[in-house]
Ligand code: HEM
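Coming up is one lone chain in structure tokens, specifically the form predicted on its own.
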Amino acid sequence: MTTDEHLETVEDEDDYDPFQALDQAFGAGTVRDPYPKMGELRRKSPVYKGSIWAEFGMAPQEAGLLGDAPIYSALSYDAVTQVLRSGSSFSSSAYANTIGIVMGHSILEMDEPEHNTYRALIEQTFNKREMERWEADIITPTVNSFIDRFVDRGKADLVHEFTFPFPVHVITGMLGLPKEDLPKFHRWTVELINIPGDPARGMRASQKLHDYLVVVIDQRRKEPREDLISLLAHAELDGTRLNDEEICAFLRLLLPAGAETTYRSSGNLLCGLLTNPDQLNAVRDDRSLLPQAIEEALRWEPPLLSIMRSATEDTVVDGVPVPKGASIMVSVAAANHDESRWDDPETFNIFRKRFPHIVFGFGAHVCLGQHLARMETSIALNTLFDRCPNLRLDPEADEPQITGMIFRSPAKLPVLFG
């Protein structure tokens, strides 16, 4: 993914494109379809001894960051849910030596009881009142503003012109950050999560984002506004409040999570529908089908394929011994394609019998922003269908392909409408 006309490139000391670098580091354009290999490995064993990255000719994302810890990959639905459910046997602290280096000590790497305390504080800010305000004042206007730019043209690339730019603008609005600063902090957040591909640049971006955010946090403590940073700065639970570093760590987690995963999941859903016109027409004609289409797309092509845990004791995962100290790549993508749970799992089918997927995690660390992500996608699709009738793939363009090994999404979605 490269920056588009709506997100101006921030000048750096070179022509480095952080969006393209991130995709390349995580297999975009090279890993077309990892699911057959995942299925082959899963059928041999629900837990693979090693990193599944190696099976695709790629070095593990965590190479150089995990030391000598053995790596295991949980691939079956039962293995993945077992690992995520058992906080006592599998610690989230695995992130401390990977993405935690640039994000700081956030709820992502906390175990209980610390995790529960800080999650409860942060959850206060994702309340019903705020969700309704975000929907009316931020999400809907933002979605419409991007559609305004191409609605009279009769054609568009929905990735570059829609699914990529709108989520980061939503996050900007939620945080109350100036729109003119969006290009630079968007760049920093993408450089930050690409620490495996370019550690030095990731560390520098983390510091720049920290220095930027602490100024805003200080301002919101003194003069609160109607934005998420103000709510975080003044949240309190049983006398506990978030300090600047804790807020900064959460925001460095929220910015890439809210922008990257939502843009990719929306693109994957549109790709699934556009390449299956009968299902597209069904959803367009009956919007009550949209929620199940969203869930099927999340199961079929998760925007993020795996998360990390570390074993705190010798244990057995779905029948496979895992030693204390091992790092566990928890493949939610492989689990969501487990044929013991879903028939024909590699086919996009919004009408299939529904079982809960685990794209948003499982257990205590289930994604805090899952309801916001679903709401953004629902508003985006409903508005797109309303304003761009007869939406369809451009027959003269190449068929879109979803690629990647950690993050997955289509690079382009050329469409016609009207």
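Since the model is a prediction, treat every value here as computed from it, not as a measurement. In this text, residue numbers run from 1 along the sequence as written.
Keep in mind that the form predicted together with the ligand is missing from the display, and what follows is about it.
Exactly one residue in 150, 342, 348, 95 has a non-hydrogen atom within 4.5 Å of the ligand in the predicted complex; which is it? It is 95.
Considering non-hydrogen atoms and a 4.5 Å limit, which listed residue (41, 381, 372, 31) is close to the ligand in the predicted complex? Among 41, 381, 372, 31, a heavy atom within 4.5 Å of the ligand in the predicted complex occurs only for 372.
Residue 201, heavy atom within 4.5 angstroms of the ligand in the predicted complex: Residue 201: no, not in contact with the ligand in the predicted complex.
Does at least one non-hydrogen atom of residue 337 fall within 4.5 angstroms of the ligand in the predicted complex? Output for residue 337 is no: heavy atoms all beyond 4.5 Å of the ligand.
With the partner left out of view, is residue 309 within 4.5 angstroms of the ligand in the predicted complex by any non-hydrogen atom? Looking in the predicted complex, residue contacts with the ligand include residue 309, since a heavy atom lies within 4.5 Å.
Verify the contact flag for residue 360: yes if a non-hydrogen atom of it lies within 4.5 Å of a non-hydrogen atom of the ligand in the predicted complex, no if not. Yes - in the predicted complex, heavy atoms of residue 360 and the ligand come within 4.5 Å of each other.
Spot the stretch among 317-325, 230-238, 73-81, 297-305 with residues whose non-hydrogen atoms come within 4.5 Å of the ligand in the predicted complex. Result of the contact check: 297-305.
Does anything in 366-401 come within 4.5 Å of the ligand in the predicted complex by heavy atoms, and if so which residues, in order? 366, 367, 368, 369, 372, 373, 376, in sequence order.
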